[in-house]
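Only one chain is given next, in structure tokens, and it is the form predicted alone.
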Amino acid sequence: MSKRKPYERKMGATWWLKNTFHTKYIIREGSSLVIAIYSFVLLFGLFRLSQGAEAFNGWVEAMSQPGWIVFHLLSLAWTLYHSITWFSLAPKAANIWLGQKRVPDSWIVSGMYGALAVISLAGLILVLI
């Protein structure tokens, strides 16, 4: 048996609250779980749609309950937070060059917000038609 004492770094359960960067990172990663749960709820809606109009209408009626409406609103807030933090991170992940010049970060971020607006508008038009 070794006489050396192994190094054990002490790390409490709230280590991520001590640094703003880590706090935002953990919140961002936590938002992924909410988005995943919301995706499963929507997939279940598609499953109910495949079972017929009556099953789908029952799912829609269940989704109109106050608890589910609150869940939808919270999911929207988490999704917006996740999107905004991702868009601000994107220029660091995408190193795009035009000729000899690097594309400015603001162009990449603006392009992503523009794409979000166009896709959201297309989805809204699709739902309203």
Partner chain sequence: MTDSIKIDILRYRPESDNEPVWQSYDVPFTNEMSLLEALAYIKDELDPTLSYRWSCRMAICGSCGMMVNGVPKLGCKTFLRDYKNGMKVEALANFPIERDLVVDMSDFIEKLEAIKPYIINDNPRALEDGCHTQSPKQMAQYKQFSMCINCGLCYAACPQYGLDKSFTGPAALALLHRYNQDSRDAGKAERMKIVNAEEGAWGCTFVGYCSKVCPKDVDPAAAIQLGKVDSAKDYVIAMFKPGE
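Given the structure is predicted, the values throughout are model-derived calculations rather than measurements. Take the two forms, find the largest set of C-alpha atoms that superpose within 1.5 Å, and that set is the rigid core. Residue numbers count along the first chain shown, from 1.
The form predicted together with its partner chain is left out here; the points below concern that form.
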| query | finding |
| --- | --- |
| Non-hydrogen atom contact residue 65 with its partner chain in the model of the complex at 4.5 angstroms | no |
| 4.5 angstroms heavy atom contact with its partner chain in the model of the complex for residue 95 | yes |
| Heavy atom of residue 52 within 4.5 Å of its partner chain in the model of the complex | no |
| Partner proximity in the model of the complex: residue 106 to its partner chain, non-hydrogen atom cutoff 4.5 Å | no |
| Answer range among 71 to 79, 41 to 49, 84 to 92, 55 to 63 for contact with its partner chain, defined in the model of the complex as heavy atoms within 4.5 Å | 84 to 92 |
| Contact set, 96 to 114 vs its partner chain in the model of the complex - heavy atom within 4.5 angstroms | 97, 99, 100 |
| Large Cα move at residue 119 between this form and the one not shown, threshold 2 Å, rigid core | no |
| Core-superposed comparison between this form and the one not shown, residue 14 Cα displacement 2 Å or beyond | yes |
